[in-house]
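Encoded as structure tokens, the following chain is the form predicted alone, with no partner shown.
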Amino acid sequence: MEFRGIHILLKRLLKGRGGIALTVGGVILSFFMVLFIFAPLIAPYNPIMPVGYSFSPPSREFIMGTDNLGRDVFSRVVWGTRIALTIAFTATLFAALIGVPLGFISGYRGGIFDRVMSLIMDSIYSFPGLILAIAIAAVLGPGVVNISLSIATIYIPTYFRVVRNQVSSVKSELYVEAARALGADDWTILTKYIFRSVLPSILVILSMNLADAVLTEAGLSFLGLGAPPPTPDWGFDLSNGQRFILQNRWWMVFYPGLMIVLLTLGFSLFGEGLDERFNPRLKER
């Protein structure tokens, strides 16, 4: 029965508006999840050890060639999926765990707390995201945890603002007022009535932020603020390969860049599909 329920839910999601985007995005994300889970089985070589001659072009032995140190590019690309997804999920979940509760409290309670929190979040939001992430990462230093925290900081205001605005709107609805009149406490109103209305927007923002987190992580790694070498990382490999692009060593840049584009596209399509599926304004068109 549980599997039947999941099947019905997926069938409804893929029907109608947003179904194509959800399907394509889901297929792309499924591909990367396979790489994430089965990286040790898929990668033919150790990603941090030289296994061939330097700058070997794509061939049967090395399908994506080797880099300047003789490391297999395909193995580094596969293992780099783990770094990209780990940082993206860690950053977005950490931002949601802070921004969503603060948005609920601020939007529901209002008053001085709401004004102070809105001022703080607007101040953070006014900074360009990548520049703020670079500044925080430079202070914290390289590393998966540090880069995740630096990326999460720039997403907290996004969750706060969306959740706070929706809670402020939903709490004045008639069904919420009726529940309050019947004696429901604040916790029951928030969890049973308001949370259900806000959840679709949280899922959409989560998908969009995951796409942006992949690009931000790649940018930080490109600048040398990501995972320390020789950790396989797409952004670092892009930075390393761009030095040799004029020597026609195109494969060192092409394949890591392709993976960044595909993963970002997958999250973006999935988020767009969720938005079209759950956004009532789009349904009315």
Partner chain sequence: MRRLLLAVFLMVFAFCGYAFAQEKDFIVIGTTDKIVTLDPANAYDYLSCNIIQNIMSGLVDYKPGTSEIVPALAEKWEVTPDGLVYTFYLRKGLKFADGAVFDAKAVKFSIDRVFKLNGDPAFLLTEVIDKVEVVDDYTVKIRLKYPFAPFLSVLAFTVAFPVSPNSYNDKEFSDVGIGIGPYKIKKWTKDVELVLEANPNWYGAPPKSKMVVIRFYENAQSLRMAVEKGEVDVAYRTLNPEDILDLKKSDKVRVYEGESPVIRYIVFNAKKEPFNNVDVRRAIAYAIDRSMITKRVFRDTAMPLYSMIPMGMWGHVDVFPQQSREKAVEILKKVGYSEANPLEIELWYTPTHYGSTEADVAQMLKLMLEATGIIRVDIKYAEWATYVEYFEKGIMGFFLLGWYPDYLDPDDYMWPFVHSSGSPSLGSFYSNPKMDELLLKARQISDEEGRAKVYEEAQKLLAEEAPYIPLWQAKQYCVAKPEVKGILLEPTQIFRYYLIYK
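Residue numbers count along the first chain shown, from 1. Predicted, not measured: the structure shown is a model, and the values here were computed from it.
Beyond what is shown, the protein has a form predicted in complex with its partner chain; the following relates to that form.
Asker: Looking at 33, 245, 63, 42 here, can you tell me which has any non-hydrogen atom within 4.5 angstroms of its partner chain in the predicted complex?
Answerer: Only one listed residue qualifies here, and that residue is 245.
Asker: Does residue 57 reach its partner chain in the predicted complex if we count a contact as any heavy atom within 4.5 Å?
Answerer: Result no; residue 57 lies far from its partner chain in the predicted complex.
Asker: Report whether the minimum heavy atom distance between residue 200 and its partner chain in the predicted complex is within 4.5 Å.
Answerer: So residue 200 does not count as contacting its partner chain.
Asker: With a cut-off of 4.5 Å between heavy atoms, is residue 164 one of the residues that contacts its partner chain in the predicted complex?
Answerer: Result no; residue 164 lies far from its partner chain in the predicted complex.
Asker: May I ask you to state whether residue 49 is within 4.5 Å of its partner chain in the predicted complex, using heavy atom distances?
Answerer: Residue-level check for residue 49: yes, a contact with its partner chain.
Asker: So which bits of 125 to 142 sit within 4.5 Å of its partner chain in the predicted complex, heavy atoms only?
Answerer: Sequence-ordered list has one entry, 142.
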